[in-house]
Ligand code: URA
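Below you will find one chain, with nothing else, as structure tokens; this is the form predicted alone, and questions on how it binds or moves follow later.
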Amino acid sequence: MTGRVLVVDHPLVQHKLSLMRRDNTTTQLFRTLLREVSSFLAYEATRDLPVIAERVKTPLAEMEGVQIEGKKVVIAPVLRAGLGMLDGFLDLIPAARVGHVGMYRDEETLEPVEYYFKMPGGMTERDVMVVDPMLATGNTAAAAVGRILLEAPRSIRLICLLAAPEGIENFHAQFPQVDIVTAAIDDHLNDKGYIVPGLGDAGDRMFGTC
């Protein structure tokens, strides 16, 4: 099985993403836009969740409805920048459980370093959405997904705001079965491992630590 890369090219997503890219966008506006775009990404990322039939009684009649099958979805932000996408997902899936993967990128080696990990129980019956704004080298995303897979979730996919071709290639070389959902695939990585044209460091822009 080969993982897909779904680019959410909805006009509203691309408009909001362009606003986020501007170097003069304020921290407050950046956070707001990231939350809004994340909701669009959540909508697409959950499009094929398994459902089961359910009888529903409306004020007028009974009908055949549906509900999502299995235990509640898990949203797993990669700390710290992934936290900026969390509320956008919870706006759409308020009953979701939340796991956390604490990782940072060593700026010398560009390799991820894990410092925290916590997931809900019952993972074998849960669908996991790993969220991280930037898929740059792909090393951090691969490390996060690999760590979560040890919990044997029912399914897992990666959702990011921007992706670099190098990151997609690296990630799918390690996890070819995992789908990626993103708002855009940019041109390339620079020599420091940043996405170009990108939008800078998403965590710094979101938390005002530029």
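In case it trips you up, residue 1 is the first one in the sequence shown, and so on. Because the structure is predicted, anything quoted here is derived from the model rather than measured.
Omitted here: the form predicted together with the ligand. The next part is about that form.
Residue contact with the ligand in the predicted complex: D201 places a heavy atom within 4.5 Å of it. In the predicted complex, at least one heavy atom of A136 sits within 4.5 Å of the ligand. Contact check for I195: a heavy atom falls within 4.5 Å of the ligand in the predicted complex. The ligand is not shown here, but in the predicted complex it comes within 4.5 Å of a heavy atom of R105. Here the chain stands alone, but in the predicted complex its contact with the ligand, taken as any heavy atom within 4.5 Å, falls in 128-136 among 87-95, 68-76, 112-120, 128-136.
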